[in-house]
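Below, in structure tokens: the form predicted alone, a single chain.
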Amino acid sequence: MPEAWRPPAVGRGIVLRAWCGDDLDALVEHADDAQVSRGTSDRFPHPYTREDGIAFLAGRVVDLSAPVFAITLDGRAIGGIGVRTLTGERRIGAEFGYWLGRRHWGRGVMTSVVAAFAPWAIDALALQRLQATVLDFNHGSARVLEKNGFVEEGVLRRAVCKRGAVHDLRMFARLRAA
């Protein structure tokens, strides 16, 4: 991982760090939850098996040389966050996503993580724009973004089929300060 991609400090016992092989058990424990995966892309399957975790940790699901971090609490992985830069004329922007084990929902963990991660990503990757999409039913994730200065820019209507149902995607973005 490039030096510039050392993850930001979060606090409250929460640390962002690179994923490692020792995270497999915690990854599977938190990821194998239908409620967690319902709000993520299909790259995040349910059920989430040890084989899925091994593939992820080996870099066969996402590019782990990009800024993709484990969210840890007291040294144990409880979720993940990562960013993917856009290409071509959109290279000044990036899209990010995150997930968190359900037992940690509603405690401000993800709000704190995004508060540290978003400005770090904008600076570290020299971005003008950081964006995230949220499925229409995922009000908690939308609230995390709003609390961190992301503005809802619009809705991509009927953009996703998730578990047999068609959903809208809400588009949020945060811009580099002028």
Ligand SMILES: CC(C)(COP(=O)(O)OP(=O)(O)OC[C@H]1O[C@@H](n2cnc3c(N)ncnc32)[C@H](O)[C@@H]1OP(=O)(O)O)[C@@H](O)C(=O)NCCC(=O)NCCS
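Numbering starts at 1 and follows the sequence shown. Here the structure is a predicted model, which is why all the values come from computation and not from measurement.
Just so you know, the form predicted in complex with the named molecule exists too; it's not on screen, but the next bit is about it.
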Give a yes or no for residue 84: in the predicted complex, does one of its heavy atoms lie within 4.5 Å of a heavy atom belonging to the named molecule? no
Looking at the partner-bound form in the predicted complex, is residue 100 within 4.5 Å of the named molecule by any heavy atom? yes
Close approach of residue 111 to the named molecule in the predicted complex, 4.5 Å, heavy atom: yes
May I ask you to state whether residue 149 is within 4.5 Å of the named molecule in the predicted complex, using heavy atom distances? no
Would you mind picking the one in 121, 134, 27, 68 that has a heavy atom within 4.5 Å of the named molecule in the predicted complex? 134
Non-hydrogen atom within 4.5 angstroms of the named molecule in the predicted complex for each of 36, 39 and 143: yes
Thinking of the named molecule in the predicted complex, which stretch from 149-157, 123-131, 58-66, 39-47 has heavy atoms inside 4.5 Å of it? 39-47
For a quick check, can you give me the residues of 42-63 that have a heavy atom within 4.5 Å of the named molecule in the predicted complex? none
